[in-house]
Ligand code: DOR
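Below you will find one chain, with nothing else, as structure tokens; this is the form predicted alone, and questions on how it binds or moves follow later.
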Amino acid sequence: MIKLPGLIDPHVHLREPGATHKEDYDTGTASALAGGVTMVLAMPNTKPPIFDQATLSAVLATAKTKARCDYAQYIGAGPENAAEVARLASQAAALKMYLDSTFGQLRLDDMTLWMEHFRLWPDATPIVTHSESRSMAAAIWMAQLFDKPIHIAHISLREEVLLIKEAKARGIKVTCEVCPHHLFLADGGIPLAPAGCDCCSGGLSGGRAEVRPRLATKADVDALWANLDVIDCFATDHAPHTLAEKDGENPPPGFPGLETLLPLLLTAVSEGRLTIDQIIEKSVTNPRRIFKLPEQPETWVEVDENARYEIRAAEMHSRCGWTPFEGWQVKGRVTRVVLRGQEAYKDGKILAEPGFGVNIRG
């Protein structure tokens, strides 16, 4: 049995408001605790999006009654709200800018709209961007132009990690995160499975392989592993959709991930690809530093590092009811979670009640 600090996931979608048939603050934070995650930062691209005082206040009121683990809520950058979201910065996890793959009220069609957000957002927390390849390069350039910290969400490509490496070497205030599915799955849903695992060799197909950023080539995956020192955080981009949606005619992109993060990383530790210290650095120390998050007193996770088992969605707590890692053989099971001195999870059972979670920006 090993004892770890409670993990922080800086990138989750809890689907509230607007899509609670596939997740909400209750089930999402229950899933977090079952995965050893004691603090989550929730994304703003909901329906309606969280992008002004009214929508932020409404979702925080809901979270106060539902969240089982600690949390903070992002606020979204829109084409006309730069001044208002800057005034709300102290209440938000950070600012999220969608520069690729989004529509509606958070769409930023040209860089003059980016500029106002970079000009006005305070330095206390970073601007977090969904930006890929060339748009990522443009976002890093703008961060340098305005001398603002920027955090690149879910990098997936060799060119991205190498560009961030070069930017860091030149003193640009850039940090980044990587998701487990971009470390363990390749283009087409091909699993780069743990040693000895043959039950998941078929990979994913159709809508179940849809995610943004898309799964990349094995060469891209290898480059991410080779440059782990450049990557600041592990983040799940927990993005639950129901199987009916994923198997439908127009499947939405996204994977659930809160309950599979730690088992996958611990399995990589058992294979010598990762260390426990790296997990703590990228899932606790760095997220806390980058996002200016408070310590969680008397908070820890107990793990049976020798437990071997198969990942099964039927045993999970997410409302979406599936996982891209179904049947994967992993090593390392979360057995107990203590949050702020209270037993929050033990042996498969969620013990923290809805509303026990604390808004860390409250």
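Residues carry their position along the shown sequence, with the first being 1. The structure displayed is predicted, hence computed values, not measured ones.
There is another form of this protein, the form predicted together with the ligand, and it is not shown here; the text below is about that form.
Among the residues 45, 323, 296, 318, the one placing a heavy atom within 4.5 Å of the ligand in the model of the complex is 45. For the residues 253, 191, 79, 149, the 4.5 Å heavy atom test against the ligand in the model of the complex is passed only by 253. Contact between residue 177 and the ligand in the model of the complex is not found at the 4.5 Å heavy atom cutoff.
The ligand is not drawn, but in the model of the complex it has a heavy atom within 4.5 Å of residue 212. In the model of the complex, residue 259 stays away from the ligand, with no heavy atom inside 4.5 Å. Put simply, residue 130 is close to the ligand in the model of the complex: some heavy atom of it is within 4.5 Å.
Contact with the ligand in the model of the complex, defined as any heavy atom within 4.5 Å, is confined among 167-175, 266-274, 115-123, 232-240 to 232-240.
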